[in-house]
Each structure stands twice: as C-alpha cells, then as structure tokens.
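One chain comes next, on its own, written as structure tokens: the form predicted on its own.
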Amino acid sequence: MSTELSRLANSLTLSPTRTFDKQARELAASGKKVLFFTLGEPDFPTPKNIKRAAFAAIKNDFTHYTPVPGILELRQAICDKFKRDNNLAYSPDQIVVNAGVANSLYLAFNCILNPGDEVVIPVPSWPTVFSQVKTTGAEPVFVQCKEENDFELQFQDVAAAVTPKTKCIVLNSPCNPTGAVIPEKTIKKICELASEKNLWLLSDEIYEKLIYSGKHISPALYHQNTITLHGVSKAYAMTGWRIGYTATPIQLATAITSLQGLAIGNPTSVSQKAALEALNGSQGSVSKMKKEFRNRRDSIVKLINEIPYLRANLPKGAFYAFTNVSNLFGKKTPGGKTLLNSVDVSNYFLNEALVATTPGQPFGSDAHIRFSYACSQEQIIEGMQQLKKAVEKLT
C-alpha cells in the first residue's frame, strides 16, 4: 500500500503572510524586541458587549451542534445588515455562516469551479485567493493594478483578461494589501460584463467598515450571480472567533451548505452568538476603531515617506500601507548582501531593524512590501525610526 501524499497535499505551502510572521515570532522568542507589522489583525480587544454575549451563551449551555449554515437568528441578522448597509435583499436561506472568510472562499470556489476554468483576479491581492483557485484545478488570470492609479482597478484591464474559459471575476474592495477602493462606475461596468458573459462575481467585502475616503458598493446591487463574502473579524476585532459568511443565490447557498456539512459540520455555536451581538448590538466600537485606524494610517504613511528610497500612497481603506521599496534593490547591507527583491528587503528590515513586514512578492508585486498598521501609534513611530536607521546603513 502506498503511503505517498496526494498531489494536492504535496503542492501546499504555508501562507506567505503566515510564513513571515512565523519567522518574526521565532526571532522574538529568542529574546529580541520585534515590532510586528505583519498580520491583518486589529490590536483592539473584542468589544465587551460581544464578549458578554459569548459568556451568556456558555452559561446557558449553548455549546452543542447548530444547523450547518448557522443559527437562523444570525442568518436573519446578516440579512438585516445587508439591507441596512448595502440596500440588498436576502433571505436567510441565501446565507451560510462559515468558519472565517478563508473558509467561505474555499467553499465558494469548490462549488463553482472545475479544472480548466479561469478566474480573473486583480493583483496585488490576498495570496490565499490564488492558492485556493489552484486547488480546484482552475487557473488564476492576473490583472495588474498600477501604483500610479493608486492601485485602483481599471475596467478595460478586466475586460481584456476575460476569455471563453473565464468562470469568475474576483473583487476585493477595500483591498488587501493596497487599501484601494473600487469606484461605483467601475463596479457597474464589471457587473455589466459579468452579466453579458454569464460569469460569477466573487466580492470579498471584509474591510467594508474601514473606508476613509470614497464609499463601499456591493456588486450584488447590479449582478445577480454575485458571491458576497463578509464576516466579523476586522470591524469587530474578532479574528479568533472564526465567523465569516457568504450571501449567494439559493442554489449555490444550498451547495455551500452541503460541502460545509462534509468539511466542518457547523460554525462554532458560541462564536455565532457573539457574532449575533456584533451585528445587532451597539456599533460604537466600530466607529472608534475606524477613527484610530485613520489616525494610524496618516501617521505611518507620513513616516514611511520620510525614509529615503521608500514611497507609500495614502490608502483609502483597510489597514495596510503597501510601500514601494524598489529603490532599495541593488543596495548592499552592512554584511555585504545585495538586496534583489521584496523578500530580501523584508528579511533585512527584520534582522537589522527588528521590524517585521510582509514582502509584496506573494501578493503579486515584488516592488512592494506590506505594513499592517493594526498596531499602536507608539509602535508605528518606533518602527519607522528603526527602519530609517537601517536604510541609512545601506550602500
């Protein structure tokens, strides 16, 4: 009997963002004071009203299996959220609650894609999207968003990437890692194209509540066959609670529910009660966090642009500063190593300045690195001071 792993298992690697975070944490474990700008995780505690709802769920023994797509009260609250915030009308049977947006993405792709299909993906983008497309046997087709356009997606580039093999177009607004927000006029045109070509649109809207300029538009307003991915992790500082959700046409929601039943059974019961309170309870914490993120954004972009050879645009949303470091390529470190790409730069910043960042290469742009400013103002100031000293040591 063969003990070899499957082709899929042999093709898998650790997420690039997790890889660099792991490397930095190992350095920190050795006793170094590492400043982290890696993972997209708010440093705020989960709001007290949400934690109280979870405590109440445990006290009331709400700790058993739930319906596979999630409890009805939460699915109704998600429908209410879409109606209130996005003017979208969904019924609870179109909603499936998942174990985080990565899980939502995996289930959706596996329910719509076949080997040989193509998926149009704007880049820079979350690397998990590329990897998950490939696990289905489909192929990602990349559309480059340019820095000179503030990384804003251009309709003509999307249209040029569509072929007879195209099955789906992926949108992420605000975008990880660039913070770009797609204008309504562009979304309308993409929706018209998707309707004309009978394509799926997959819209990742997890950063919806974190927009500082412009406004959020859900493609589902203009295109029926839209898969909307959302969750509570970013806006409510609930990354560890693992609650995401999909809103889709009923036929697809049924398929996603069936696949989820095979994969995980149901999302965690206590986390569902916490998410219910997040959506239905006070939204004051969201406003406070957004205000602080805006202040951090302004600080880090200003300080990055004061460092020689670095350049960062002002992002319109999310909590990332996607920074151009290409002017450092070709320079030598004090140890004599030549910096050739974003991976080299991130490694140098970590080892010389004890500042942990994520290289842009896995996101689709090797000219950049990503700073997550989901950290304190004090850390931002200290980190940029240390980076400036490290850059000044290059020759």
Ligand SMILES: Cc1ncc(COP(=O)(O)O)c(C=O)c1O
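For every residue, the number given is its place in the sequence shown, counted from 1. What you see is a predicted model; the values in this text were computed from it and never measured.
Keep in mind that the form predicted in complex with this ligand is not shown, yet the notes after this line are about it.
Listed stretches are 85-93, 182-190, 256-264, 230-238; the contact stretch with this ligand in the model of the complex is 230-238, by a heavy atom cutoff of 4.5 Å. Residue N172 is the only one of T248, T323, N172, S218 with a heavy atom lying within 4.5 Å of this ligand in the model of the complex. The partner is absent here; in the model of the complex, the one residue of R242, R311, K134, R294 having a heavy atom within 4.5 Å of this ligand is R242.
In the model of the complex, this ligand lies within 4.5 Å of some heavy atom of G100. Looking at D204, you'd find a heavy atom of it within 4.5 angstroms of this ligand in the model of the complex. By the criterion of a heavy atom within 4.5 Å, Y106 is excluded from the residues contacting this ligand in the model of the complex. Within 4.5 Å of some heavy atom of this ligand in the model of the complex lies at least one heavy atom of W126.
Along 175-200, a non-hydrogen atom within 4.5 Å of this ligand in the model of the complex is carried only by N176.
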